[in-house]
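Shown below, as structure tokens, is a lone chain in the form predicted on its own; questions about how it binds or moves come after it.
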């Protein structure tokens, strides 16, 4: 079965990101495919490389980055939601006159069309968070 995952909550405000991550790991371990993980609304905060949790806390962003690397996941951060929350890659920084980037490795910024495509290409889209 081909899944896509929609994450609507940030990594430390809500359990949704952790649950989505565990769901993704389980789906992959059972031999299914994940077409795309799409981060929307506050979920785009999962894609910032500047998060530095205490040593005794979980590092949700690092877990997503490693999973993307190990499983070649396509992890997309919504461009409009990212701009509102100050998350930029090189292209967005240049386009908006910013002097730094903060998108974590394994993530990319794109538009809602990527979510629509995920719906078309997947058997199921599973949503985490409001």
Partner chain sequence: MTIKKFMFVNRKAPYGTIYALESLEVVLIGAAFEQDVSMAFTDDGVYQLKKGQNTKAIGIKGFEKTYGALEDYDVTKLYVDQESLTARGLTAEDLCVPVEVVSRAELGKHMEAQDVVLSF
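Please read all numbers here as calculations on a predicted model, not as lab measurements. Numbering follows the first chain given and starts at 1.
This protein has a second form, the form predicted in complex with the partner chain, left out of what is shown; the following refers to that one.
Shown without its partner, this chain lists 32, 63, 49, 41 as candidates; in the predicted complex, only 41 has a non-hydrogen atom within 4.5 angstroms of the partner chain. Checking 81, 103, 75, 67 against the partner chain in the predicted complex, a heavy atom within 4.5 Å turns up for just one residue: 81.
Annotated contact segment (heavy atom within 4.5 Å of the partner chain in the predicted complex): 81-89, selected among 67-75, 50-58, 23-31, 81-89. The partner chain in the predicted complex is not approached by residue 110, whose heavy atoms all lie more than 4.5 angstroms from it. Mapping the unseen interface onto this chain, residue 122 counts among the residues with a heavy atom inside 4.5 Å of the partner chain in the predicted complex. Residues of 1-35 that come within 4.5 Å of the partner chain in the predicted complex, judged by any heavy atom, are 6, 8, 9 in sequence order.
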